[in-house]
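First, one chain by itself: the form predicted on its own, in structure tokens.
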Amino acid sequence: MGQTHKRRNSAPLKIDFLYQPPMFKVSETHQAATWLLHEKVSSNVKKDVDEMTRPDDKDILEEPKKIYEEKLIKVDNLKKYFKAGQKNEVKAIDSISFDIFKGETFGLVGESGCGKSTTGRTLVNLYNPTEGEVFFKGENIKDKNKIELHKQMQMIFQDPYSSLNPRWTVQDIIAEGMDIHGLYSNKKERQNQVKELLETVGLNPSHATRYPHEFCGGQRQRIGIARALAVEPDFIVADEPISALDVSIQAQIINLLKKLQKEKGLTYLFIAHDLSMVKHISDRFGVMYQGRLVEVAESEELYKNPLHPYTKSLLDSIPIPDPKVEKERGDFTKPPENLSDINASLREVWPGHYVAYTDEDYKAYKEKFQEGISIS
């Protein structure tokens, strides 16, 4: 009581939007994540901020753009249909093709029921495709041993409550894959590996003997991540791993996934319905609508230059944290019907930017934007 607390920074620095600030020790009991305490910031903040944001400042801002050369996953004309009664079928995935490069995060976004989760499960061979092919490291996954494949490809599931066996201890849950693949030589080594994994995902090693019901949602999801990491995979499908969590916990899980990717060179397929979150974590992402991909591009490009009507509608639906702006923006406009035209196919309208256009749409696009846009 009686203490004076300063308000949060109402004018963030430019660098705050580019890089997560490091932690600084303010006192024995107080730490703060802020660029204002960086050694390059002195009393004359404005002058030093200008110095910090110069293009030639290698230490802080200049991070080389990721260049992906090795294709880890290739999806070619993939289809997955489910029977609905004796005569009908549901086209969960309807002819989609895309690539995922080693070391990147490829996001997949769309409304519920559009086929995102089915795509993820088919990529890791939990579902057999109706048609089409999935290649992993240049080999068709149909030709690979399923047990060996699942050592290299893992999945983090959406629901942290139902994805963990309530009768098993955390140690047995995490070590299940290690048991299958024989990744330890004795019981002591098994215990040590589990404890290391718990520390890696930010949990206490003493948690190994507990059961899932003793943890909150965020902790359970960390256990699920540790289980996926236990077999040292190259590729992880994260199927809406934060949708069942509180907002504050979501950020922790996202930061953990990014940290693990940097440390272990992981490749992710990140599935979500929250487009803003997908943009935050993904290098590239695709937009799905009724089982088909309607647009694929780098995250920044897709945000700044959405071309497909459905992508535009998703972006328009993202709330802006400003009541005045929201009021002026008016009601959300639903996308037009029949967006998933069977005659539309992904076409590269800009290097790395693909849109599902019919011949007529593509011709109209070229006529409208023929100046200043390179068409492959």
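Residue positions are given as counts along the sequence shown, with the first one as 1. Everything numeric here is computed off the predicted structure, so don't read it as measured data.
There is another form of this protein, the form predicted together with a small molecule, and it is not shown here; the text below is about that form.
- This chain is drawn without the small molecule; in the predicted complex, the residue among 116, 292, 222, 284 with a heavy atom within 4.5 Å of it is 116.
- Distance criterion of 4.5 Å from any heavy atom to the small molecule in the predicted complex singles out 127 from the list 98, 127, 303, 101.
- In the predicted complex, residue 111 approaches the small molecule with a heavy atom inside 4.5 Å.
- Among heavy atoms of residue 168, none comes within 4.5 Å of the small molecule in the predicted complex.
- The closest heavy atom approach of residue 90 to the small molecule in the predicted complex falls within 4.5 Å.
- Proximity of residue 211 to the small molecule in the predicted complex: non-hydrogen atoms within 4.5 Å are absent; the residue sits far from the partner.
- In short, of 116-124, 137-145, 249-257, 192-200 it is 116-124 that has heavy atoms within 4.5 Å of the small molecule in the predicted complex.
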